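Only one chain is given next, in structure tokens, and it is the form predicted alone.
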């Protein structure tokens, strides 16, 4: 452990020495660290562990997956600390002065994503049942270090971790966000940047809204005009864009490496003008529509009584399912105002069967509960509680995304630069202060799969604009999904959030500086 070198000055030397000694010996309190999401259990022991140029990361055995997690942590720490931390393997007990990552597999309470982090003055020991748990614990280690650890260049230490034990695991298995890349297109690098931020706050799903009236964003090789023509536009008349299948697979792999699942969405039978403009035969009139760059909804529909429509949908689902290792495909189903209900119900029934036939489970917006839900179909509650309740009555799980609480595209207040307010103004406290299991009396925790915060992109066209709406609300949604409700309260959370202002700055996140939070002006560690 490095020792503080004391210097006596010609004036006030004794006073300066005392101050330095007090600083060096100042106790650390793990229970007062500003972690988001708040852990399930924290016990502090009042000391600290120092990262030094002798510190390395040791992993248990020769697991390639554990090496990858260890390297991820090293890559996060080395640019700012310049400590040259390396990843090594061992089968023995952790060597003093180092970080040790290992799998136990025997702690039922921790489940798939939980972890136990034990920090002493000599070692940092992170244990989990599964690699995903180690990865979540790694984010806790990052947050226990000063905010400047997230900088991309060398910063001044020291680099201390408060000692104690953290036991932690999520309240819900699905904790995600959605990015609408259809209204405005986002590049592969922009999507990857968002994935990194989701990982930092222990979220595990990114839902990509890949098609809408304004653009088709995923290459379908059997129907190439979807991207050649339908991918050319976006809201406001920009040039649009799309992901090749190779680019989409790259995004999926990047997310997998961060224990995040990609859920792709092809919205139907409404929100389909980009497809209708690309292929005339999908229209009942047999005429292709014009490309669309506005923001109105509810005017488009597939022709539900044509067999070619189902051939098209089956091809799209087949290709997308083959590219997507996650268990869910999202089939939209919302705002199908141009589809008669007597056409909508058999259409959604038939499309569910297609998804199942290609080995996936169905996710859809809450209107799908008007149809006959297939086993394992999940209803995403966004607008009408009565729809979600109908889903529960059919035995479905509910994904909670109530627009008035969880829509990231809602303005914070009337002065917000971006966003809309048709559902609500959602300041940081309103976004945090709700419980999925108590929002609708008929929807109880056992009915809920998790929480998702969607970002629709009508008013934003690049990552920095998106970040303004996403942050700092995303960390609150992450805490709703992870932390037991009895440990969540606004007065405690806003203090922890205040310290994350410096972290977001260090990560170059363009966040909304809500006046409800007394943001720390500098890193106090």
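Residue numbers count along the first chain shown, from 1. Please read these numbers as outputs of a predicted model, since none were measured by experiment.
Omitted here: the form predicted in complex with a small molecule. The next part is about that form.
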property	result
Joint contact, 65, 100 and 141 to the small molecule in the model of the complex, by non-hydrogen atom at 4.5 Å	no
Proximity to the small molecule in the model of the complex (heavy atom, within 4.5 Å), stretch among 328-336, 189-197, 239-247, 349-357	328-336
Residue 458: touches the small molecule in the model of the complex, heavy atom cutoff 4.5 angstroms	yes
The small molecule contact at residue 412 in the model of the complex, heavy atom, 4.5 Å	no
Contact label in the model of the complex: residue 168 to the small molecule, heavy atom within 4.5 Å	no
Contact test in the model of the complex: residue 76 vs the small molecule, heavy atoms, 4.5 Å	no
Single option in 159, 174, 259, 382 placed near the small molecule in the model of the complex, where near means a heavy atom within 4.5 Å	382
In the model of the complex, the residue from 148, 183, 130, 390 that sits within 4.5 Å of the small molecule by heavy atoms	183
